[in-house]
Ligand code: ATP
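To begin, one chain is listed below as structure tokens, in the form predicted on its own.
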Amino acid sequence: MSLSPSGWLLPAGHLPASARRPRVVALGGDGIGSEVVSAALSCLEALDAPIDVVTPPHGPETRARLGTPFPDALREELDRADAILFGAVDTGPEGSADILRYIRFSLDTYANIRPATSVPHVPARTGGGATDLVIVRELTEGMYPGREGDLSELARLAPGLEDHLGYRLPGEGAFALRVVTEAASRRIARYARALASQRKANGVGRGRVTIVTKENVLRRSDGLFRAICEQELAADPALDIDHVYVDEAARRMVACPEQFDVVVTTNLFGDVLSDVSSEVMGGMPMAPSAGVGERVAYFEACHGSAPDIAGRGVANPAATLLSAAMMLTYLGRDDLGERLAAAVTDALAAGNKTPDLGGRASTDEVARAVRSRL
């Protein structure tokens, strides 16, 4: 099985038909982010990709100089971007999390696309067969916007609120509000439908979409999500549709991930399941992702900022390289995306592996091996 970014996401539908080169904002972020993004940019340069890349100041360098990791000039660049290549973020108080929040919520990149594909010469840590699945995760709702508070205040505002067992709210503690709307559920289902149809037409997928919820417990919110997804998916009679509870989906992604094709789910469940499914690719340092909106998309590795290895030159750049391949596909250059993904696979097959994969290569050595194959 080969890595095929054209089976992982839909091309952009908003880019102008003119000859204008797409504008890409590249941000290292925190920790190892700058190292892996630098590796990816060097490979994009070797491909002679027809994009204009800007690398505005941000993160720790601007915090020290301007007192903020997110200056106004960066916000202006993000607003003008066709695509964003992002490294990693530290969610602590000194990190660049505000940048990623802006990209996700203010730019409304609502569809998180997380492929999990068997990688030749990289042993999977889960499952028993060749796997090529994509998780389509709703990225703007659920609990992730952080609507939290004190239970006593919620009880005051909603004194008659009961759970499905008939119990009222406790008088003390904290709450987190989970939001599911018809509009957001409908657009993520439409994305999953279009992607599953494209994968089937291209001979990559089976035309199967699995809806994942915990509707047996979250009857109202997940009931709404499932109902809307089923409505939207039924618009394509060529697709097979099924539904799995999230705990069972997690079990299957460990035992038999090859059963899945396209999975559509809510924010928190998608976050957890996509981390589990990354083990198909050999772990988080191999796993790419995209966050797609109506006007812009961002692309980042699924791993974090890894401060314990930052600056040591041993970070695995593969996930960021594959994210860059997804970006090229999104921008309408399937040919270049496929070439970059193939070069990554060939470099790994030749033994160019960082320590997380059992090798001894440095970040730069892996990037150099990939560039030599472009």
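Don't overthink the numbering: it's just position in the shown sequence, from 1. Predicted, not measured: the structure shown is a model, and the values here were computed from it.
Although not depicted, the form predicted in complex with the named molecule is the subject of the following passage.
- The partner is not drawn, yet in the predicted bound form one stretch among 333 to 341, 307 to 315, 38 to 46, 60 to 68 has residues with heavy atoms inside 4.5 Å of the named molecule: 307 to 315.
- At the 4.5 Å threshold, heavy atoms of Gly270 stay clear of the named molecule in the predicted bound form, well away from it.
- Although the partner is absent here, Thr91 is a contact residue: one of its heavy atoms lies within 4.5 angstroms of the named molecule in the predicted bound form.
- Taking the partner from the other structure, the named molecule in the predicted bound form has a heavy atom within 4.5 Å of a heavy atom of His303.
- Though the partner is left out of this view, Leu322 does not reach within 4.5 Å of the named molecule in the predicted bound form, counting heavy atoms only.
- Though the named molecule is absent from this view, in the predicted bound form it lies within 4.5 Å of a heavy atom of just one residue from Pro285, Gly142, Gly87, Pro115, which is Pro285.
- Taking the named molecule as positioned in the predicted bound form, the only residue of 342 to 374 that brings a heavy atom within 4.5 Å of it is Asp356.
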